[in-house]
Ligand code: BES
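This document opens with one chain alone, in structure tokens, the form predicted on its own.
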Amino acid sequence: MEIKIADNLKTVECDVLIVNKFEGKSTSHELVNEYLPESYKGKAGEVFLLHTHKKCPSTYILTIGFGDENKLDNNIIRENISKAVKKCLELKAKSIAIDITSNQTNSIPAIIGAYIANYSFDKYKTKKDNKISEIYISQVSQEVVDISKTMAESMQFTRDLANEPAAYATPTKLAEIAKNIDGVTTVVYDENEIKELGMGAFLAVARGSKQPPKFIHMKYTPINPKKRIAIIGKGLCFDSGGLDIKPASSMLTMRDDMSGAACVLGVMKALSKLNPQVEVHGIIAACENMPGCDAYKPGDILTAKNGKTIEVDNTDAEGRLTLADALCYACTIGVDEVIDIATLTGACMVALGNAASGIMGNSDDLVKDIIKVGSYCGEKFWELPMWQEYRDNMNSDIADMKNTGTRYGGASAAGMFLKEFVTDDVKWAHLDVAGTAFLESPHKEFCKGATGVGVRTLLNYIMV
């Protein structure tokens, strides 16, 4: 999708001109004000469509309500522009103009909202979905357009990858993608090298699959980094549950269990264009969890990279095992902060649904900063407790710990498990996006399928 800057959007020839209306105020377009019915108040999300009959260059003018002007924020702009763009898609529009920006910062959520609404995963369809090909916008610099477009395209890339079937998005494919990202250096460790690194927990999960595991380490290095961050994405390219196999219905969308890895790849892909002065390491332990002949078994004892032993209580609690070794590795490469993002627990889905992701960690400042940045750019995070009781539930009679606890408090238990593999000198935050990474039905500005959760938050956090 091409974004063009225009001085006066009212003179642009396009299929649809989008204008906004605040409650109690007129719009910026005289023709709309002339025909706007009294019943239209401009409440947030309220739509009014006007055919111009050639009284102005656009075929239609679409008015979208923004509600109370005093309550305007990025989320209102993004969500309502998304709704307006979806209406444009219903009209089979190809070119639109968005005339709502009063300052440059409003342009970023507007552009990102347009991209979110214009997205569909139609790669495997013979008849492609209608897409908008060009957007006109005004009162904005090329730099702001470029930043917005980079972030939006990173989300699209992440959504595409998480929507791909597991037959395509294999560990080998993720490694290939990582190697081809501009502006980063990438090292990929194969199975023998992973063994040499001492990653017994990660390798155990991978044993049941024909697909070989890949441990991926990407690095973006600016000239004068002000700090060093590692972002780790859970990379389960398919999760059958292993020998503790999932019900058939629960496996249908398990291609999305690498959404964390897709997010990390999307973030790393954007960095050379955004040029933040932060050193960023992107880390993915990529494999499949399958019930093959050599699959790891309940009761097995695994040894993680830091030497801690784990009794396998359930082979479907595999993500935390791969992350354990990835966290150990990240803590050895000289970073100040580690952030992992994972579709980790059904318990987090039960607790928070698809409205928010869970967050926890060993640093109150880091957790609060991520929550604040997420709120600013439209991704909600809710802090979950990390209490010793959750760790005690994973005590083992024959190893240092089990990989699961009781059936209660599962998201916090998973967080306490991961904490065992983070050194005390490194700030760490864990993002559980199990409920927000993939939607079973449309929600707000998103269509069904992958959402690209985490991309906006992590990029904005890195850019701060």
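All residue numbers refer to positions in the sequence shown, first residue = 1. A quick note: this is a predicted structure, and the numbers were derived from the prediction, not measured.
What comes next is about the form predicted together with the named molecule, which does not appear here.
Interface residue among M349, V373, L197, L274 relative to the named molecule in the predicted complex, by the heavy atom within 4.5 Å criterion: M349.
The contact with the named molecule in the predicted complex, taken as any heavy atom within 4.5 Å, belongs to T345 out of S357, S107, S82, T345. Among heavy atoms of R320, some come within 4.5 Å of the named molecule in the predicted complex. Contact between V144 and the named molecule in the predicted complex is not found at the 4.5 Å heavy atom cutoff. Using a 4.5 angstroms limit between non-hydrogen atoms, E288 is distant from the named molecule in the predicted complex.
Using a 4.5 angstroms threshold between heavy atoms, N314 counts as touching the named molecule in the predicted complex. Every member of the trio K246, D257 and T404 reaches the named molecule in the predicted complex with some non-hydrogen atom inside 4.5 Å. Remark: of stretches 213 to 221, 385 to 393, 249 to 257, 186 to 194, the one touching the named molecule in the predicted complex is 249 to 257 (heavy atom within 4.5 Å). Along 214 to 246, a non-hydrogen atom within 4.5 Å of the named molecule in the predicted complex is carried by K234, D239, K246, in order along the sequence.
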